[in-house]
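Just the one chain here, the form predicted alone, laid out as structure tokens.
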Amino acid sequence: MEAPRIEASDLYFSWPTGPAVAGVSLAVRAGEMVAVVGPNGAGKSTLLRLLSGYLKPAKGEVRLAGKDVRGYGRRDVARLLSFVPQYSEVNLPYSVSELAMLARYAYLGPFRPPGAADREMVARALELTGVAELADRPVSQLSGGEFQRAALARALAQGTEMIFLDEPTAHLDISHQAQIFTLLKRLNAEEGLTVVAVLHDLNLAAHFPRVAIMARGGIAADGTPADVFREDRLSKIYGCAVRTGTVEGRRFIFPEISS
């Protein structure tokens, strides 16, 4: 069997406020689509940053393409994986196309300007994410949803084999949520893109072939949506009554709200 492209072993990490990840092991193989879900404070975003090398574990190891991620430089990591962070207020002095072009500097020397191939990668990424018409707009003038799509365009322009996304559907309406996930599924199917996404929306996560659910800094379950999204498990983890059902064979999840 092919070795995992990214593999975490017994990870521990704490913030000053307390533990965030405790004993997590996770392996993702090339071409997988994995959703990481769980309640607030479960350690989802911290885990994603540990996997990408942005944070260093207090204990344990992350191996990227068979090598300890601590042995890579930032430019080397940027050629293997791209990262779409959570949306925050931005005031960057770039247009949308300039923001996407920043991703190409992982491949350029300090004095080498972008070439035709770089411009083609950026144009394709803007088109795929539906922000081509915003190419010249300053990033500071984008709505939250527009910025999310521009950030995804930058990640795609990076041309990596893996993409990590932290709450990519924040600030997006359901139309753009569908657009983004349809695009990710198509790139996964057609180009073998490996996708790991932290999500709050369990119904969006149910569209992923694999789901890992976190609780109290650890992984409580890891498998298909049908295996992971059990009412008893979800009710215990989220601390409220949770119900599941199916529509045309697709599982959906909702909280039970008292009348």
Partner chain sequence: MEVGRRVKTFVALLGGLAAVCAASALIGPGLGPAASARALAEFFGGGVLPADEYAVILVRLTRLGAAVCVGVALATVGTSLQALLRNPLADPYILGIAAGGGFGAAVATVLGLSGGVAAFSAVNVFAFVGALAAVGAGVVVARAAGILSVHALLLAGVMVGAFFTSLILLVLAVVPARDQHAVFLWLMGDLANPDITPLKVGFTAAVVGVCAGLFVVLARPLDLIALGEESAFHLGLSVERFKLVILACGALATASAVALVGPIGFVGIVVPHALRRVMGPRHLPLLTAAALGGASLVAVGDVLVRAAADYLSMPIVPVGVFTALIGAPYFLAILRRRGY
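Residue numbers count along the first chain shown, from 1. What you see is a predicted model; the values in this text were computed from it and never measured.
Form predicted in complex with the partner chain: not shown, discussed below.
Just one of V122, L99, L134, I163 has a heavy atom within 4.5 angstroms of the partner chain in the predicted complex, so which one? In short, L99.
Just one of G38, G53, G217, P57 has a heavy atom within 4.5 angstroms of the partner chain in the predicted complex, so which one? Partner contact (heavy atom, 4.5 Å) among the options: G53.
Of these, 185-193, 167-175, 113-121, 126-134, which stretch puts a heavy atom within 4.5 angstroms of the partner chain in the predicted complex? Looking at the partner contacts, the answer comes out as 113-121.
Is there a non-hydrogen atom of Y94 within 4.5 angstroms of a non-hydrogen atom of the partner chain in the predicted complex? Y94 belongs to the contact set for the partner chain.
Does P85 reach the partner chain in the predicted complex if we count a contact as any heavy atom within 4.5 Å? P85: contacts the partner chain in the predicted complex.
Since only the chain is shown here, I'm wondering whether L142 would be in contact with the partner chain in the predicted complex (any heavy atom pair within 4.5 Å). Answer no; every heavy atom of L142 is more than 4.5 Å from the partner chain in the predicted complex.
Contact with the partner chain in the predicted complex for H207, defined as at least one heavy atom pair within 4.5 Å: yes or no? Result no; H207 lies far from the partner chain in the predicted complex.
State yes only if every one of R5, S9 and L64 has a non-hydrogen atom within 4.5 Å of the partner chain in the predicted complex; otherwise state no. No, because R5, S9 and L64 lack any heavy atom that approaches the partner chain to within 4.5 Å in the predicted complex.
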